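One chain is shown next in structure tokens, namely the form predicted on its own.
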């Protein structure tokens, strides 16, 4: 081989290597059926799971952040609470970089934009404004605070950056619009704009129904911060999520096949219209799994026959490649007359996930019982969850571990219910339920 040709081949190989190395990563998407083999002529409920796992992300490659801190500075925040809120806000400033955008909104009886949306370049100035203006006074105009935060984020909306509001409150909304429906409307507007709202409820007096609803409709996180000393740790955890977003505007569309009935979504909300199910997720984090779980009734079939169950399409904006990625897969089930063949084919992790999501539905019942003062009956619901989970016929280590973790959480919630004040245990249960439904990493 002559020298010229050798150099040409080496150059070509190096170029090919670089192109491969620079190829953008993609979200790992997997579609699974709890029972891919079903008994002939039976129509038992089945479960379709579409899981999405964010790809690894180096911090230095993270996308810019467009963040609004919306901080409650009503009179009830006096003392340690306002001090820790200031400290957490200052920590947030120090974690941001010069290409990030920050706005800070404080609300009491009125709303004040302490820092209009601006690039994080003069951190000392931002810290001074936090120390000067986040001082307790007045009541709680929560709606106006969220609205103003959304307005500030909206000034720099960009699909190639992470758009987020972090809302902190320790009390009830009591100035301006205060109903869940009115604040839900704001959360829906945020979701349409691609803005997630994380809600941090501080202490035992905030409205957890309101705060989980705001977070849920915008696909943000919700955290119950029982003690103000934990605020900085909570902010740090939230920033780990904000800084690790790898995909946005995620849409999962499931089109069920002929004679297949979509029954309900477990966990996440979505829309079921005829044979088409649509679920939207605002953001997906690096190395974290989120999923859509659909309960279906398959068509009838005969032994050895295969029939289509559903077509799955997933679209999302890839923040690394700046492109819109698409995934498509068709799923089918096979029919048998053998009960053992059917049982051996069960995908245990999907079965367990469906059971865990059902415990969240039951825990909403436990919350209602708590509201009626029926604490023993509420605990009985949690105890039944444990029995149902531990009765699942699973053998795979990963499935067994999920059952043990979920049963342990229900056991812990039951113990809290009996030993703590109602307000505290209710908030802990609402937070846990939210985390289960949304597959949140928050603790």
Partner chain sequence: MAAITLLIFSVIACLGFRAIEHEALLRVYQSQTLAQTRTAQAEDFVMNLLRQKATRLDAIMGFLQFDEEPVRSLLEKDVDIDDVFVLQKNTLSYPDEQKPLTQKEKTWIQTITPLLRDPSLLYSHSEKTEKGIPRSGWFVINETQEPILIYWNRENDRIVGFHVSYIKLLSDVLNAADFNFAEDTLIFKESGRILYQSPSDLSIENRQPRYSMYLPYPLNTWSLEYYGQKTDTLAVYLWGGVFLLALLMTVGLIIFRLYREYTQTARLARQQVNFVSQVSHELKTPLTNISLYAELLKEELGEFYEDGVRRVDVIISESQRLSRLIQNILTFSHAPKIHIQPVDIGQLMARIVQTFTPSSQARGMILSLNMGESVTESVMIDSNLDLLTQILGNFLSNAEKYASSGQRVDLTVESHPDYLDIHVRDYGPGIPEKEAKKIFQPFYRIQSTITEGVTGTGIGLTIARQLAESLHAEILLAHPSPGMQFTLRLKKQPRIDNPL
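This one's a predicted model, so the numbers in the text were calculated from it and none came from an experiment. Residue numbers count along the first chain shown, from 1.
Same protein, other form: the form predicted together with its partner chain, not shown, and the subject of what follows.
- Not displayed here, its partner chain is approached by residue 192 to within 4.5 Å at the level of heavy atoms in the predicted complex.
- Among heavy atoms of residue 238, none comes within 4.5 Å of its partner chain in the predicted complex.
- The closest non-hydrogen atom of residue 171 lies beyond 4.5 Å of its partner chain in the predicted complex.
- Taking the partner from elsewhere, residue 178 is found to have a heavy atom lying within 4.5 Å of its partner chain in the predicted complex.
- For the marked spot (63, 98 and 397), a heavy atom within 4.5 Å of its partner chain in the predicted complex is absent from each of the three residues.
- For the residues 358, 129, 280, 300, the 4.5 Å heavy atom test against its partner chain in the predicted complex is passed only by 280.
- Of the candidates 204, 307, 148, 86, 148 is the one whose heavy atoms come within 4.5 Å of its partner chain in the predicted complex; the others do not.
- Considering its partner chain in the predicted complex, the lone stretch of 210 to 218, 184 to 192, 333 to 341, 363 to 371 in range is 184 to 192 [heavy atom distance within 4.5 Å].
- Although its partner chain is not shown here, in the predicted complex the stretch 262 to 286 places heavy atoms of 271, 272, 273, 274, 280 within 4.5 Å of it, in sequence order.
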